[in-house]
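Presented as structure tokens, the chain that follows is alone, the form predicted alone.
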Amino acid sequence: MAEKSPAADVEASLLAHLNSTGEVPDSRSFASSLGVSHLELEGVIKSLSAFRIVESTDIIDETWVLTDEAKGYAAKGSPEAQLVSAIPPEGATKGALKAKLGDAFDVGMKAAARNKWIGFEKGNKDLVLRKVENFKDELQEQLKRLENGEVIPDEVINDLKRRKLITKEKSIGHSLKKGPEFVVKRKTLATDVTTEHLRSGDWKDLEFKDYNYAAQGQPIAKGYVQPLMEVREAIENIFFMMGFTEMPTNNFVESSFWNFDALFQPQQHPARDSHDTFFLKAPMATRQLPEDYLEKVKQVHQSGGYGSKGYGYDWKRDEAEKNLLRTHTTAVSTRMLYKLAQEKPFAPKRYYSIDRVFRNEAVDRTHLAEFHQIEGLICDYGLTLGDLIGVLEDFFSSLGMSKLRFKPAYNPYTEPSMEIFSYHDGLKKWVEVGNSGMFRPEMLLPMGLPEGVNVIAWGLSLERPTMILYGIDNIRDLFGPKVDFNLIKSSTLCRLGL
């Protein structure tokens, strides 16, 4: 015959006690009386409660307990008491006391000096002298009283908390009484019919556990779409419907020439400072650049051209060759427009890109050093600001943003330039959603694009609309190492519409 398990003995003792007394005031005390751990008794209580054999009510107590550091002080004395006790009549050097007391030395020095228990020899701050013969170690007394379960004043508790010598511990017990299905000994219900049951015939006398047809099955293992990818796909579909072609964006590392200079952005611009841009140490520079085009860019920066005065400064090739992590996907747009300019005859194009960019910014709730930029551009003859506004209204209305406003802005490579605002019904205010403009002649004509060809363009981050759509108020919860996978699993399918 198989031996009874310890849990069976605990259950039998608990049911016998309830049968004779009718209640258990506190399961913690009852576990101590049985000589078993409270955790073991809790397992039995949960099992009995599930079958309504007992009824359980939680008892939650919070008590202050000593930290490991405080337990040492309760046994050996406070740091200040240990320090004073270690000082002989002739005094002791700080080095000797530190070697003897270890980590308690610094704390003990401050507390003992504050209590005026120690002093220093005149002209020798390294020699510590004992100023008292007898002293009362109040800290040790307080810790011992707390350890013994005595009540101590709130101001003492606050002082011990400040010194990080105590921590609050939550203890959960249970008061028990008989349940509606109470029995002194419960039957063990069978869950399966075994071969042995069939051979012996005892299945006829067995009592089987009821099937729970409402029980949930095992969760199906499946993948989940990251919110950024969900919104990205929806935005890509909008670009496709509007006839755009995706640009290759696989170059995270870019030269300053394509990232800044080709965009008619002067070499003294603040955005080109290391405080705003990540520059590479290796490889530090790009040596291969289109020479004819580079000379035209240099000329337009230094002395102008194409109806412009330029910036009038000494343009440096070394500055243009510096490698960096691209600060915007407009560097990709510049390469594509230059490539388009070399194709003859000219054919109008619509390009878009969605990919990562990098800025040397302080990370906070709304900013990351690495994020995603959405960019769209149209290159054709005779495009105007009115065409740009019309395209923006079509694009953003597909995102559910039909209320738009435009505000004049400045960009080095677009003129005119506009910031884009949309009215947010939830926030009840106008929110900036992007930037836009028409690329300047100083940028387009050196590439070799025909006279009369204009480029309208706009950009926005992928993270901002995603945060609004998913109700996320901290960008770090959406992208980066702090993303909560439960957020991804529990997110409903995104439907565009702000």
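Numbers follow the displayed sequence, beginning with 1. Remember, predicted model here, so these are calculated numbers, not experimental data.
The following text describes the form predicted together with phenylalanine, which does not appear among the structures shown.
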Looking in the model of the complex, is phenylalanine within 4.5 Å of a heavy atom from each of 375, 436 and 457?
yes
Quick one: does residue 414 come within 4.5 Å of phenylalanine in the model of the complex, counting heavy atoms only?
yes
Check whether residue 142 has any heavy atom within 4.5 Å of a heavy atom of phenylalanine in the model of the complex, and answer yes or no.
no
Considering only heavy atoms, tell me if residue 359 and phenylalanine come within 4.5 Å of each other in the model of the complex.
yes
Is residue 98 one of the residues lying within 4.5 Å of phenylalanine in the model of the complex, judged by heavy atom distances?
no
Just one of 296, 328, 174, 272 has a heavy atom within 4.5 angstroms of phenylalanine in the model of the complex, so which one?
328
Of the candidate stretches 64-72, 25-33, 436-444, 43-51, the one with residues having heavy atoms within 4.5 Å of phenylalanine in the model of the complex is 436-444
